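A single chain, nothing else alongside it, follows as structure tokens in the form predicted on its own.
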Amino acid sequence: MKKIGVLTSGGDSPGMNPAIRAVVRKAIFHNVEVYGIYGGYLGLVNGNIKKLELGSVGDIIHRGGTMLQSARLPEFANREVQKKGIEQLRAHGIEGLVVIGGDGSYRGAKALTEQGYPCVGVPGTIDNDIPGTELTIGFDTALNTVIDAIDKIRDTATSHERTFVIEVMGRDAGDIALWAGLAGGAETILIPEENYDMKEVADRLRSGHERGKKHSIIVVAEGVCSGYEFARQLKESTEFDTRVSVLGHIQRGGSPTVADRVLASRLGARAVELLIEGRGGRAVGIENNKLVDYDIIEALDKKHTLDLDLFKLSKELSI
């Protein structure tokens, strides 16, 4: 390959910029031209494509968000819209495409692959919900953002002897809630993958209060219910003074952690290697700290699984 493209799509995540940087510099190192597609699949269809040089990705490794910007384009599921995107790629002489994003982004890459256009998916999402990889780019940074908030909220919760409900992102996957809740010493963690019993939650709070606990932290993934809805239910079952904090999009921002910068650099570089080797239709990931790649079509047929051993551990440690 002599020319490849790179785009970011869907929700942004910290670490996308280091991944873009890795794609650009790895490609140029191998004498391959790189073109940035601005605005995700929408930018692809509209032809918002520019050649990137070494300096184009200078001083971005520490920045959150994505220099290529992002957008959602539900219409890209339409085959005719996909063909417009392929026409733009061919018009610029781009022979392969690196797609950095989550589930929806992978579906777009899968559609292009099925039409014979080589794409490689790089998992960029804070939700950590892409099958085939143990970690996604942005997950670690989001966790550190959440745990920083939990630690600060704990200070005021202790001062006022209150119960705090903290709502975090995770519509279909509870990884953020589980990992941050475990690391933050939450008394209760609610995730989409497991049903909860309000009586059990109330009994746990009362048990802690009886032995002298001054506060309680409850972490709720948005896919379970809103923090305010859960607080309403809790108020009907207990007598505790409860407050709610919804962390929202703050979880997507911020400078990526060392772990995310290194992960993004490794995955972005590997994606370029696959295209140079002529192996399109793949997705890259990491397992046991080793880089892996797998069929992007098969990947989307699998279901992300959460580590329920961690969930069990969180209950055992929060007695």
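Quick caveat: nothing in here was measured; it's all calculated off a predicted structure. The numbering used is simple: start at 1 and walk along the sequence shown.
One more form of this protein should be noted, the form predicted in complex with a small molecule, which is absent from this view; the next part is about it.
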Location of the small molecule contact in the model of the complex, chosen stretch of 275 to 283, 30 to 38, 65 to 73, 46 to 54 [non-hydrogen atom, 4.5 Å]: 65 to 73
Contact test in the model of the complex: Ser9 vs the small molecule, heavy atoms, 4.5 Å: yes
Contact of Thr136 with the small molecule in the model of the complex (heavy atom, 4.5 Å): no
Proximity of Ala77 to the small molecule in the model of the complex, heavy atoms at 4.5 Å: yes
Asn128, heavy atom within 4.5 angstroms of the small molecule in the model of the complex: no
Lys84, Gln88 and Glu95 all contacting the small molecule in the model of the complex, non-hydrogen atom within 4.5 Å: no
Of Arg243, Arg232, Arg154, Arg107, the one that lies within 4.5 Å of the small molecule in the model of the complex (heavy atoms): Arg107
Of Gly132, Gly184, Gly102, Gly227, the one that lies within 4.5 Å of the small molecule in the model of the complex (heavy atoms): Gly102
